[in-house]
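Provided below as structure tokens are two forms of one protein chain, presented individually as structure 1 and structure 2.
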Structure 1
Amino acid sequence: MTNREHFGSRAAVIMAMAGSAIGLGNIWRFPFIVGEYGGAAFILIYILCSFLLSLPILLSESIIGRRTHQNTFGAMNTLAPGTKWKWLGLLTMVSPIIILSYYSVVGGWSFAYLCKAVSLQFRPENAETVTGMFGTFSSSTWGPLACLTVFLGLTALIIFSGVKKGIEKFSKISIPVLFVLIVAIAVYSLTLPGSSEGVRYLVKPDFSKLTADAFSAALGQSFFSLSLGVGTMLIYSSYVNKHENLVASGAGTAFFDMLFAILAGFAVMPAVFAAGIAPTSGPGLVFETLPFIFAKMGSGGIFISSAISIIFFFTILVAALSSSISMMEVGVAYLVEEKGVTRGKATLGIFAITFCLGILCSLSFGVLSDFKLLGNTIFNFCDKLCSNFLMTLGALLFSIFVGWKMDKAAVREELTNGGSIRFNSKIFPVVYFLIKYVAPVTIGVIFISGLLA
């Protein structure tokens, strides 16, 4: 078996896992759904879902990864040899490749808008035309493809450098930088006239909005934000040393992911309301509304508006990269360990596969917009396939495997480090109950609901 690298410290583990979790969804989706589903009341439900449901699933992947120190396929084949569980390993190798293909399109957009910000395109005289830039750019051919190439190339470069010199080094630098940048944007956003309405949108509790849909949205945001069910947490955990506290690392990952999402809310929504614009979700918020706001800020000084826009889109680019490297690493680790391919060739191979599919996803906004798969563009089909089916199925099977297939003593050994961590030993019955019963039932309901929807 190939000699494997390991993360050097708990801080490195948490930064890498938090990097996988923190992404574009934290910046544009979380602020919108908080206000839509009850403000502070929704945040409370979101926190509970993260620690009671999503964290047990994260720990399930961590147990498998750290137990075997192998890639997703090798891990399942080792723990359940000669069974069909190996297909779960393959599923969680294919899913990240599909996700990365369309995620890289959005990552390319973030790079393009960083370039626009640097070239001072968000000026007051352009304010009325800024919102139309996104539609024109995304539907074109060569610009988005060039940016897709740059984004995937940066991802591949980090992965090619290895676990310690690539993933760990990038994560230990990028995650603290991300938090500093998002705090800086939030502080500035809160100083804008009229920003108080945005704060009220986020924190005013409205318990009348805590419907069944609100609980489902909270769980969904927590679940997908932590990148569960696609093997990224498993593969990162396979680089964790045996003396590391998995519960502490998992809880730290969930905490930093939630904290970043909340900070992003205070960075985005006060500015949106200060500009007198109704909040929207999706690419429209990041690539249309906010550039318009940055352009309007120019009336108070082009330097300030340019600096804020550059910082904001740099933040988005780094957040996108921190997630994309975890997705690429899943496939690279499989090729290196199962097929004996060098890391360089494995990285190039995954890059090529992802790039080809990414081209189709990018062109689905332009020349291939009329090509439909089950009524969806290629981009939307890949998104729905992974978000509504593959990720949920993967998480469900991971929780079932750890809760029902693995020996309970082995699970206890991983979570308590052979009984050496006293606190983990005390809470083990609760954690194991959540993994074995609560998580599978909850995810099963969501999965079936998705199929019937």
Structure 2
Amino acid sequence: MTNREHFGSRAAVIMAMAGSAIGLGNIWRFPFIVGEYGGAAFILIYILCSFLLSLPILLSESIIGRRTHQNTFGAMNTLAPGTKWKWLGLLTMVSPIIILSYYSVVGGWSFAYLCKAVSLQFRPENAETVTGMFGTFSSSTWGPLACLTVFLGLTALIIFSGVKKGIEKFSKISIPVLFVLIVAIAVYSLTLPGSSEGVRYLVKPDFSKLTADAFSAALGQSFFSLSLGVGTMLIYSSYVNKHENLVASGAGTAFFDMLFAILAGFAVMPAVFAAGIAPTSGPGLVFETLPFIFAKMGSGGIFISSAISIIFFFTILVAALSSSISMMEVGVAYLVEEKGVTRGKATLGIFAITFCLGILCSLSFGVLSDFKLLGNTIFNFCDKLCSNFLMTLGALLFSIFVGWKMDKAAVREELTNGGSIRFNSKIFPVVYFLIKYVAPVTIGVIFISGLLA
């Protein structure tokens, strides 16, 4: 791979990886999962899972990617030629495409809601009708499909621009902007009368609410949020140069991702409590409840309620885009490097496949809502297949590969840059122990118990 692109700096690596990690998982999924599993106690388990289990997986993918500087399939073929491990490379080709298909539907909704906010539809006098708006919109045919096309089109445009001019440039601008915006929304949310109850919910753990389920939900959330087990972190690491400190960029990514999720919790929960709505109101929280709250509670009338809705849906849209590009890059890199296709054609190819599947996912809220796969709508089936099964399986296999199949000396070389990073050399035994034993055993137990349940 002679003229392969590389990220330009440590900041670029962290921003790109954080860009992949920070997305709908943080703003849309995290608040309602926290709501379902009882607040602060769940957040503590989530943080624990992120550092003890997810970070080792992130490092495993980073090691494979940076060592080979290849796409996921090429990487597995280089490190374990002629073995079944190439299937792991292929698995990571399929999972991001499926995720991108349904993720883009939600990305499309955020685009639609941004347009609604800009056209001043979330006014105080409309508040009561806002909640019903979501069901009507998502179950219709053409509106969501048009928004899906815009969202996937934007994703393809950034990917087509390349690693440095597309991914790096977009992430370096969007991530700092996202942090500023989410802090602004959290501050606004905290000023609403009655919001302190929401703060208490987020900071005061009630361990009695923790069920056994909460542990696998925390792990699933942490994997989804850090984009693990589907090759996205592998492919981004394959654009990282040999001097970069993988442990530092991995830990930085995990830290920013967690910080953003917690900030999103503070943006959403205090507002939800202020409006006296149950925190357990599920996936509709962001698209049904929040616009209602912003419309109704804005003390500054239409101007403030519209401004805050615009900021909120713009934040979701940009965060979703910074993640969707990482999913598309996995397949594009594969087609370019393994099949000799140009970047333009590869982007178009992945766009076409995800678009077709995305149409089915979108219609499963409307005309295809009665079509069920194992009792689920197409959208829910894709989500469950990926977040409950394929991501965990991928993560498990990556840790087994790095812990048990790769040469320990090679793993040490990648994590310590040939021994030149002293701190990493010191902590190497602990990190290696987490990768080799703690991660596969714990994830394996959770994976198998999930299959048997």
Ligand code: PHE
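Structure 1's sequence is the ruler for residue numbers, which start at 1. Please read these numbers as outputs of a predicted model, since none were measured by experiment. Only the largest set of C-alpha atoms that superpose within 1.5 Å between the two forms is called the rigid core.
Trainee: Since only one of the two is the form predicted in complex with the named molecule, can you say which one?
Mentor: Comparing the pair, one sees that structure 2 is the form predicted in complex with the named molecule and the remaining one is not.
Trainee: Taking 2 Å as the cut-off, check whether the CA of Thr211 shifts that much or more between structure 1 and structure 2 after a rigid core fit.
Mentor: Shift at Thr211: 2 Å or more after core fit.
Trainee: Could you check, with the core superposed, whether the Cα atom of Ala41 shifts 2 Å or more between structure 1 and structure 2?
Mentor: The answer is yes; the displacement is at least 2 Å.
Trainee: Just checking, between structure 1 and structure 2 and with the core aligned, does Gly220 shift 2 Å or more at the CA?
Mentor: Result for Gly220: yes, a 2 Å-plus shift.
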